[in-house]
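For reference, the chain that follows is the form predicted alone, supplied as structure tokens.
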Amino acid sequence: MVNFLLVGNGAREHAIAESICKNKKARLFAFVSANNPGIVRLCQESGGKAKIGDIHSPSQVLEFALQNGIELAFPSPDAVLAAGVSDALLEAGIPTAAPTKEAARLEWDKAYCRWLLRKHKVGGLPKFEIFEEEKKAHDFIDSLEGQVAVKPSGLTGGKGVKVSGYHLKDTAEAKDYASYLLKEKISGLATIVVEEKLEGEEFSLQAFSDGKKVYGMPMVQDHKRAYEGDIGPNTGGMGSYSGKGMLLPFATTKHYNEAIRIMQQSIDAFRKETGKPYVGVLYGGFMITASGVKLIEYNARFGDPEAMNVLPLLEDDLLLLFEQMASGKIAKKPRFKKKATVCKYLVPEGYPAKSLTDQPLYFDLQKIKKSKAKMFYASVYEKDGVIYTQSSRSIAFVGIADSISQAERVAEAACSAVSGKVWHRKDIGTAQLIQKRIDHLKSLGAI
């Protein structure tokens, strides 16, 4: 048996835990901030256990790991990596398949990431500058005629970036937002990044990195906007889909290879700059534009919801992959089933502004089973056999089929089997929304 530690408790971590437990030699231990019912059950079934604590405390996580003889660890969420949890485990001699705090800086410090990649001439960068001073930021916004993306450098849960035409109606609003970020330092860092506004279609590409080479997973497209038709405020992600195989319907092999090349150049740049390897999952947010693939940002972990699209398709042993990553050598390119997926999140009423919490959810288990969708618990808790909502996304359902439209119907059927004060975006994965993406790129001359 291998005592495996997972740090984190969202739907993404539930998907990771499920994949790990496909290996019957895995004994799952989880250090969590709240008891995710799915993760808790997997711990119990594998002979491990879950413990509630401060997942951002390196000392608490390490204490739990040492008490339980952990032989391999995977700290998952972004703030956990930024807190140095991986470092504490590695310093104690526990093999860890996640980035150190320094490596995870590619995510938790956007200014550093842009600076590093520009210094080492990594491809796919938009026009950008980094600012600490208000006037210089305003002048740069003027030079781009107000068509910008304004980004706090640090972590903001995916909700801090504002883009002209979506969240910023004009140049004045862009300047005001830049000033606000510099004054309030909402992400904890003193700098901001201002970039040219890119036009195109976004996609997520996750990859396993052993420090020497990146191995890509299938492309996924996330849906950040809260409401149908891609309107409303940004969220942590309302759902996502992947095509049959490695590509999305609007992408080509050339686009995929461009993104992988950028990711490979990025881990090479990190090693050249620091002398250290980037080990763990690297997840790039990219955009297909008329001038090629552009890098929007990096995350130093699996995406949420994107992990739920790709992990159920992984044909190889995730535990073995993590062991190989931690040892610095992935033996062979991971394989994925040639299936399409659609993930839809049920979220509490009021989300993302002010969620209704502590509301009971009721499941038609027979209907869910009949749908054949996979179910992953997110921000919920269980009391006396009843699942209750918390403040963030509640339940994710993933449909897996031979086409996106079939997978969408599977996910939708499962969503309709849950009653309570929750809602979801019904348009994710529909033919109409995907055609909108294709038409958009055609209008730009990008495909």
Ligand code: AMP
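Note that this is a predicted model, so its numbers are computed, not measured. Numbering starts at 1 and runs along the sequence shown.
Keep in mind that the form predicted in complex with the named molecule is missing from the display, and what follows is about it.
- A heavy atom within 4.5 Å of the named molecule in the predicted bound form is found for exactly one of K374, K197, R105, K175: K197.
- In summary, among the residues L314, I267, L72, V161, the only one with a non-hydrogen atom within 4.5 Å of the named molecule in the predicted bound form is V161.
- The putative spot formed by K151, K224 and E297 is fully lined by the named molecule in the predicted bound form; each residue has a non-hydrogen atom within 4.5 angstroms of it.
- Shown alone here, A83 lies farther than 4.5 Å from the named molecule in the predicted bound form, counting heavy atoms only.
- At least one heavy atom of K110 is located within 4.5 Å of the named molecule in the predicted bound form.
- The named molecule in the predicted bound form is not approached by L117, whose heavy atoms all lie more than 4.5 angstroms from it.
- In the predicted bound form, no heavy atom of L144 sits within 4.5 Å of the named molecule.
- Exactly one of the stretches 83-91, 346-354, 210-218, 189-197 approaches the named molecule in the predicted bound form with heavy atoms within 4.5 Å, and it is 189-197.
- In the predicted bound form, not one residue of 25-52 has a heavy atom within 4.5 Å of the named molecule.
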